[in-house]
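A single chain, nothing else alongside it, follows as structure tokens in the form predicted on its own.
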């Protein structure tokens, strides 16, 4: 069994190209998860454009992919119309909602390609785009167990886990994890204590080989109610869930490469202080990881 993860877009909210973001990247959320021959695409932010070009360059074989969107805010769907395989008749793209009777994801992808927003109509895509679902939150796709978990975020958001052969990857962006801390006063009154998180969320992530998690804010710039998490809270979450590696993801558009470096360094210091055996690093465009 082989499992690869590659980051094509790591930024949150809006693309931020430029010299100050060139190491970690300025494209919005898009992560490729490849388990043996199964290709999963987590979110369709602007990084999805480069993923599409890479897929066509890798092989002349038809593209067969599974697209799972954490949610449908602009920064997670705006790369879809630029995904070149979607214009090829040889491509099959399965687009997933969580529930059987829900077609929200498919409808919103179609809606953003209306002529008011985009010059090419959805009907002009040459590929076979198949609406599908995760059977209420858990299903098997090409031998991979795929689960969904609802998170706290305006407009709803879902985390996804991919497991096969004893290896597990969790993609959990756009989650206001701080709102679920069991005693939120600990964040101010006991800033060095681990912040206790709900059991159901910990169970979903439990023993993940890789946790890709929304860590948009530092403690001092956290914006309550904007739908994203403090990096320190994510560190505490990963420690308590027994994750082996944590990737800080969905970098704030105001954060330079140096700012992300600082966020990672503070996360490392928190892990050392807790005496935990957790590896942490910042999500960077082009980074590819092999697990299993």
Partner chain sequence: MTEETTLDELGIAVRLAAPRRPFVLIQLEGPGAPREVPLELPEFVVGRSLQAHFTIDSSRISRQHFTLRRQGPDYLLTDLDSANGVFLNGVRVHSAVLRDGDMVQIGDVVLLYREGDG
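Here the structure is a predicted model, which means the values were calculated and not measured. Numbering follows the first chain given and starts at 1.
Only in words, not in the display: the form predicted together with its partner chain, which the text now covers.
Looking at 223-231, 38-46, 59-67, 22-30, the stretch with residues near its partner chain in the predicted bound form, meaning non-hydrogen atoms within 4.5 angstroms, turns out to be 22-30.
Shown alone here, residue 289 lies within 4.5 Å of its partner chain in the predicted bound form, counting heavy atoms only. Within this chain, residue 256 is remote from the site of its partner chain in the predicted bound form, having no heavy atom within 4.5 Å. Of the residues in 1-21, those that come within 4.5 Å of its partner chain in the predicted bound form through at least one heavy atom are, in sequence order, 4, 6.
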